[in-house]
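For this one, two forms of the same chain are given in structure tokens, first as structure 1 and then as structure 2.
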Structure 1
């Protein structure tokens, strides 16, 4: 007989821990005052490159970003 008393509230709400932690991080960032808020938002940006491989060699990488307009 399993008890539901030890289930974290984020799990009971149907969220994953990643979703819960992202929500908390956004709330904290929005509560910061400038210039700390701007610095935190800049650290949140993610840039990466994707390289397709053909014949065992990488092709020219494509730069990608998760931020709109970048």
Structure 2
């Protein structure tokens, strides 16, 4: 039951395929010419608001955003 196929180096280092793929995509986006670079980075902006619930009521939400101040 030892490792059968040769695993890719990123999986051997504990990374998943999605992480690898997203890193590759980000690197490519950063090497684009303007205005494509601006468009691409704008497109990939995310905004999260996460709140844990206790006693049926939401607690103070945690904001994670690429657009600060929103």
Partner chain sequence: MFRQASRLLYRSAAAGSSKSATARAFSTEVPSTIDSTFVESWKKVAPNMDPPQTPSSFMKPRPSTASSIPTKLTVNFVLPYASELSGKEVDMVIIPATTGQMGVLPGHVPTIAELKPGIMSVHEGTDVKKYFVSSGFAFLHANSVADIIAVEAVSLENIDPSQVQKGLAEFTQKLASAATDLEKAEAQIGVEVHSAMNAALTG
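The shown structure was predicted, so the numbers you read here are calculated from the model rather than taken from an experiment. The term rigid core refers to the most C-alpha atoms you can superpose between the two forms while keeping them within 1.5 Å. Numbering follows the first chain given and starts at 1.
K.L.:
Look at both copies of the chain and name the one that is the form predicted together with the partner chain.
P.N.:
Structure 2, not 1.
K.L.:
Using the rigid core as the reference frame, would you say residue 18 shifts its C-alpha by 2 Å or more between structures 1 and 2?
P.N.:
No: residue 18 shifts by under 2 Å between structures 1 and 2.
K.L.:
Can you read me the CA shift for residue 50 between structures 1 and 2, rigid core superposed, in Å?
P.N.:
So the C-alpha of this residue moves 6.8 Å.
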